[in-house]
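This document contains two forms of one protein chain, each encoded as structure tokens and listed individually as structure 1 and structure 2.
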Structure 1
């Protein structure tokens, strides 16, 4: 995608209702792209096609270009030497750094959420985890990544903090595209065992155990990724075409 940083010049004569429509389209595209990055709908280094994204999102290229520019500025995407835009490749050092911060922030959020956990929240998490387990059983990669992200963020939203959640989202935007690799490590298969331990701890009101479960989950994923991640941020694994895995993110 060329010229990702180019943005449109606001027209002072545009009617307020048109401005509102444009803002809604922009927010829709931004929300979809953020979710796509967090659930690993794009691979590290995968050049993002402005035309294909616009078609998939049902909009014109302009709001997509503006959103990509915003995501580049936030560090969720990077601009290549030829002007294309792609999710960054994470080397081992950057991955270690990101996951260390994840442990601190997500562990805190999980412990806080456990303090306020309601039967309704636990029931919702159980339903999401059941879908995740079914996806693991079917080797549904898109479902695994999507339901895993949904489980974590449903729990974290329970912490009732307006400060922590945006920080966690910023981390997931950066490492989300790399998560796909963790599903393909034969020696460390996904089984969502930590999610089961987290649910048990929530039912007992054991906040420390909830935090411990999240931290262990994060560390297990980190070990899996580091076991296959090369210095250039890619792995020698059988990647599938993202367009086939994620028809709708």
Structure 2
């Protein structure tokens, strides 16, 4: 709302946001939205208004339109009847579908990554996992989500496939909002036990065990999500979306 005009202003050295970074606006918006989806800025089913988002991000509706289109194409958002968009509401059946595909794709990526795994990668993964454990200790929900995601994707990036990674990212964006909402329920346990087994298997070069660990981790997450969904149904939690995440643009 504060600075609606960003680029076309004639003043040469008053960059609205950070520095002289001349990057594309929609790129920035995209990363903001993706992070927001994964970290609980939007609830499942919450309709996102184009203009309000644009106002909140301090741009014209145009870049937001482009980003929302892409997110819809990726399945991260669904269009409502009137053309608005919202994060998908995942019922038990769709969640089951989604996590079956996760098992196939991420299991495959993990196995391939294990083939190319270097000691440096393993060390990096251990560092990330340490931060994840610390976040769990502190009950830092956003930290748990971020570090868990970082752990998985640093592993998957090791598979050296430009094809499978975007698909996995699309899947994560689809269940991101539901995942965050579930973590708000106190009874939702977070289990990072599989990560240790995965790291061990990586060190031993046991590709099958790595795949097994990932699949087991995915199954555990699925069970936890299903149980929370079952006990809570689709009743919207009294928690508000973490809109404060959109203040530091």
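Just so it is clear, the model here is predicted, and its values are computed rather than measured. Positions refer to the first chain, counted from 1. Here the rigid core means the biggest group of C-alpha atoms that line up within 1.5 Å when the two forms are laid on top of each other.
Comparing the two isolated copies of the chain, the first one is the form predicted on its own. With the core held fixed, the Cα of residue 149 is displaced between structure 1 and structure 2 by less than 2 Å. After superposition on the rigid core, the Cα atom of residue 100 is displaced by less than 2 Å between structure 1 and structure 2.
In the core-superposed comparison between structure 1 and structure 2, the C-alpha atom of residue 62 has shifted by at least 2 angstroms. Summarising the core-aligned comparison between structure 1 and structure 2, the C-alpha atom of residue 82 is found to shift 6.7 Å.
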